[in-house]
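Only one chain is included here, represented as structure tokens and corresponding to the form predicted alone.
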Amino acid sequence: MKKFEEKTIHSERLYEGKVINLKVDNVSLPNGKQSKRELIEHPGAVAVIALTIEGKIIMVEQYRKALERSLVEIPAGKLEPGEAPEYTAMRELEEETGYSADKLEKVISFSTSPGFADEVVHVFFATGLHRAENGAVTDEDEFVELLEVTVEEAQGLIDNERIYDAKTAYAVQWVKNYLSDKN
């Protein structure tokens, strides 16, 4: 048995959705007792740190119903079945921003909320940006506004809580480090 492992005794799927599934697992704890775990299953996602030649970060502003407000974020989206994260990253960058990239490199992957969800976000760094032939082609239920911000402006958006999600806050810090290493 792995350290602190919880063995699933029974699992019940309560909801199957377009983006997430919800299940409740009855588990056996390391001390022999039992407990319930409410879990969200998510296919995973990508996020793209897209940096212009001028050193501006490409971001989008969009409404987030869960928080009942608009946020400024780096481009991101969920993995489709059988889709490689690199492909998803290029697709989401183009769909949300109208940009494509000559070069894409993986930065990191991380769990977003390991206490209740299995979602993993794969973060990529995109350079050699140019306008895609089709421009931005968002999903029919997706409304975004394109922004190009400096690191200083991005920090201001964090301070004002317009950037409020972990992946984007991480991206801003990553770009700060990247740009300081280049100088």
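Keep in mind it's a predicted model, so treat the numbers as computed, not measured. All residue numbers refer to positions in the sequence shown, first residue = 1.
From this point on, the text means the form predicted together with a further copy of the same chain, which you will not see here.
- Using a 4.5 Å cut-off to a further copy of the same chain in the model of the complex, each of E5, R37 and Y63 places a heavy atom inside that distance.
- At a distance threshold of 4.5 angstroms between non-hydrogen atoms, R69 is in contact with a further copy of the same chain in the model of the complex.
- At a distance threshold of 4.5 angstroms between non-hydrogen atoms, A132 is out of contact with a further copy of the same chain in the model of the complex.
- At a distance threshold of 4.5 angstroms between non-hydrogen atoms, E145 is in contact with a further copy of the same chain in the model of the complex.
- In the model of the complex, E54 stays away from a further copy of the same chain, with no heavy atom inside 4.5 Å.
- Residues in 84-103 all lack a heavy atom within 4.5 Å of a further copy of the same chain in the model of the complex.
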